[in-house]
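Here we start with a single chain on its own, the form predicted on its own, put down as structure tokens.
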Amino acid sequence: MTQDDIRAAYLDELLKVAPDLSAQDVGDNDHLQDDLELDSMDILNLVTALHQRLNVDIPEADYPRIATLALAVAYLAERLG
């Protein structure tokens, strides 16, 4: 899976969790909670969706590593590699 594929999957799942957002609203360094205003349940739903879609476990200690689009793409590429 390429980084573009991972980026698209992350954005797709994020927009399902937060349907009030659009892909244009999400910058590479926008923080899920601080900038995009997701709450802890939204984060958990995103983690669950990513697990189901990509078959990757994301332990709670690693949640900060998916806090932005850029961080998440790098982290998921590492986990899927």
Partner chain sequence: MRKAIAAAMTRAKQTIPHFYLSQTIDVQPALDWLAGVNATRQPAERLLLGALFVRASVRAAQSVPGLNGHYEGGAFRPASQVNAGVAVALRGGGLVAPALLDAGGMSVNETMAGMRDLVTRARAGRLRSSEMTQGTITISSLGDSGAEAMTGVIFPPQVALVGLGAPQLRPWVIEGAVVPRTVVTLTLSADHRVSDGRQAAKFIVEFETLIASPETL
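Positions refer to the first chain, counted from 1. Treat the numbers as computed from the prediction; the structure is a model and nothing was measured.
The same protein also exists as the form predicted together with its partner chain; that form is not shown, yet it is the one meant from here on.
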Item to check | Touches its partner chain in the predicted bound form: Val26 (any heavy atom, 4.5 Å) | outcome: no
Item to check | Partner contact for Arg53 in the predicted bound form: its partner chain, 4.5 angstroms, heavy atom | outcome: no
Item to check | 4.5 Å heavy atom contact, Asp30 and its partner chain in the predicted bound form | outcome: no
Next on the checklist: Since only the chain is shown here, I'm wondering whether Leu21 would be in contact with its partner chain in the predicted bound form (any heavy atom pair within 4.5 Å).
Outcome noted: yes
Checklist outcome for this item: Checked Ala67, Leu11, Val73, Ile58 for heavy atoms within 4.5 Å of its partner chain in the predicted bound form; positive is Ile58
Checklist entry - Going by its partner chain in the predicted bound form, which residues of 21-57 come within 4.5 Å of it through any heavy atom? => result Leu21, Gln33, Leu36, Glu37, Leu38, Asp39, Ser40, Met41, Asp42, Leu44, Asn45, Val47, Thr48, His51, Asp57
